[in-house]
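Coming up is one lone chain in structure tokens, specifically the form predicted on its own.
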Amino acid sequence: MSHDVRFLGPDDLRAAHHLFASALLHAPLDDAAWASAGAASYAPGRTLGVHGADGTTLVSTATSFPTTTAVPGGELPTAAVTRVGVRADHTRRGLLTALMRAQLEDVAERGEVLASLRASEARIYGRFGYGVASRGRSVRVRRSGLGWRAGAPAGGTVRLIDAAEIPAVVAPLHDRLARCRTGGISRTAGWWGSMLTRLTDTHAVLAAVHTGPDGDDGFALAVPSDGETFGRATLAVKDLHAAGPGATAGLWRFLLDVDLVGAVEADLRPLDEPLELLLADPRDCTVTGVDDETWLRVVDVPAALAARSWGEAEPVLLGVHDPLLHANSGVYRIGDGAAERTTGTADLECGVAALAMAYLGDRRPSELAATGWWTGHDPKALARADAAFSTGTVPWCGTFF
């Protein structure tokens, strides 16, 4: 069945948001919330939709906003895909497939090399070429009284700012920090407006900025969890970015020293955040889960491979298969610090989703081959691929959308 996917105009955006909220079983925004942040959170000309048989009722939608992603060696223009929804009485009819195809074609035409999303269900987006490119862990750190390990970084100074100061102080600081870590993305004014509206409408926000030897180098936004017993509150970290271990230690030390707080919780923190190494009792930090974070889609494979820096390795020929964007399919020579399209027989092969899993450095080609994501024709090529794709850092984004 074919579906007429169209770009939606400004007058259709509230209906699109209502449909998306309903698909997630959420209530729609009221007039005040829509006027203050809802409409402004949509980037112009980037929202797609399909109408039902009557031609007027919206039954599926998807949108994106422009951003940049920090990749090994640089940054690439990216479409941040979000608010994807199909009305419950129109699922299993190919609407999502039509939307994803149309959106990928539009993103490619815009010259955006990557697309990125956060998946509500892990089984959905792999068939459109998205792969898990970064992961995060959820932690709960209790305030046991033992505190910090002797010799742990002390950090710098921390100051609190008013919620009204966050756009001017924290937003530019975030974008500077995000560029320093593979996987980080820039944030739009619409993203900040939507996020801050959700936080400040229902919570008292604790906004902390860390200052190190070279100036501001980290921040944390936290709110008290609902229903906590007075004197043993739990702080929920909603946003925390830091330039290094010193700023990380300073912010977490501050949060755990807030009066009346018994524990601090945070979701999707970097896998390599060294909390256990900072605490006198490492068991004060409990990892409560490890989840997928960035689902990455390489929209322009030649451009993405050419833009990335590569580890020292003998050349390897990688065959990439992309059934949706056929121009990406081909053989690529990776080696000598560069990547380019070539001819010949591939040493290794993978689908475009599996390429995304290795692109930022989250997974090694050898482990992807061992689990069936990649196919190896030359066993020796896997070691070369591991060396080429190695980054020395753990990718992480820290931005939910």
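Position 1 is the first residue in the sequence shown; the rest follow in order. The structure presented is a predicted model; accordingly, all values stated were derived computationally and were not measured.
Not pictured, yet referred to below: the form predicted together with a small molecule.
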Considering non-hydrogen atoms and a 4.5 Å limit, which listed residue (S225, S138, T200, S120) is close to the small molecule in the model of the complex? S120
Give me the residue from A220, A249, L95, L317 that has a heavy atom within 4.5 Å of the small molecule in the model of the complex. L95
Choose one stretch from 123 to 131, 323 to 331, 308 to 316, 184 to 192: the one whose residues place a heavy atom within 4.5 angstroms of the small molecule in the model of the complex. 123 to 131
Would T91 show up as a contact with the small molecule in the model of the complex if we use heavy atoms at 4.5 Å? yes
Considering non-hydrogen atoms and a 4.5 Å limit, does the small molecule approach A16 in the model of the complex? no
Does the small molecule get within 4.5 angstroms of any non-hydrogen atom of G85 in the model of the complex? yes
Under a 4.5 Å heavy atom criterion, is A23 part of the interface with the small molecule in the model of the complex? yes
